[in-house]
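Before any questions on binding or motion, here is one chain by itself as structure tokens, the form predicted alone.
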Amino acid sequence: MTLRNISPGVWFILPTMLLLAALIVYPMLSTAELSVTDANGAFSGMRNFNVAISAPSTRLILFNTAYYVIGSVVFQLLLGILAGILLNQHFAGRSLVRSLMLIPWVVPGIVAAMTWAWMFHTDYGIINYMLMQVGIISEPIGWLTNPNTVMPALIAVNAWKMFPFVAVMVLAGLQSVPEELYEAVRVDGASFWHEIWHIMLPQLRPVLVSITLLLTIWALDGITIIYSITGGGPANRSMIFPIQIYVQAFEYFEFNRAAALSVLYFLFISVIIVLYMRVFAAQEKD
């Protein structure tokens, strides 16, 4: 086959494929190579993986990652669905509220992280001040220094940051729901909650499936909020895999072990995504 016989579509897509190969395929192959070699470049087999898996902190980091991802996605969905349904109703100032609701989403992650870090500050934070003023707490709480409260606080920040995205997608989905469906259930005497449960949520199911997958991927890849606020502390109680990989590579300069962790994390994410897609594909068939 000569160059003249190659389809024009191949020539159009070739630059993109070369760019993807340079930016994605090559780094992945290089990481895989690093994971099975030592610092001198000699083949070390599965030793880096064994060290990474047997490390005492690995189990805690795995739990923290699952805790952070599940907590973030659940609250992002709950807040986003409620906000989307609210913004779909007719009330005065709806356009203004829709615009203001986007502020958390458009604020840069590092700016949001630094702002919330000050708000959660034990001595000077406005959250402790407000809770003490209304009598909910009697003394300041170390939200970011207490191992029992640091992860819920970070989940709250992440949920605040991303729920507007869910709300926008839910609102877009609700705009496509035929008005006849609402009129039909209202004739039968259905309440507003019946409309939500039997009309809105079933119609939003395809949208929510896609949103959940995106939120899960973003949460698994999230590093800005946690690293900027706590750096993984205290005592690794907010350490998740992406931060551990970064610390292992660029603070301890153990690139081979960091590469092994990256490969393990890639496999972990791949399994979650495949299981997620299979479960919802089976539900769609039913």
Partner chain sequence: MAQVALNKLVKRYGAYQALHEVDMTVENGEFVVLVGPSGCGKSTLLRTIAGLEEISGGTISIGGRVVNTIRPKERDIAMVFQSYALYPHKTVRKNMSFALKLAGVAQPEIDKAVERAAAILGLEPLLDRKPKQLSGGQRQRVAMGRAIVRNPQVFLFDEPLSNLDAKLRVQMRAEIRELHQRLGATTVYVTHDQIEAMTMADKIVVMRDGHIEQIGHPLELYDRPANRFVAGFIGSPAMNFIEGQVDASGTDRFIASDGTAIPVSARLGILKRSPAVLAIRPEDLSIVEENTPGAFPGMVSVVETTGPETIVIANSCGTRLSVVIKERSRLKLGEKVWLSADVSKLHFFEASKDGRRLAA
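Positions refer to the first chain, counted from 1. What you see is a predicted model; the values in this text were computed from it and never measured.
One more form of this protein exists, namely the form predicted in complex with the partner chain; it is left out here, but the text below deals with it.
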Which of 118-126, 79-87, 194-202, 92-100 has heavy atoms within 4.5 Å of the partner chain in the predicted complex?
194-202
Would you kindly say which of 74, 214, 190, 137 lies with a heavy atom within 4.5 Å of the partner chain in the predicted complex?
190
If the cut-off is 4.5 angstroms on heavy atoms, which of these, 110, 184, 131, 172, is the one near the partner chain in the predicted complex?
184
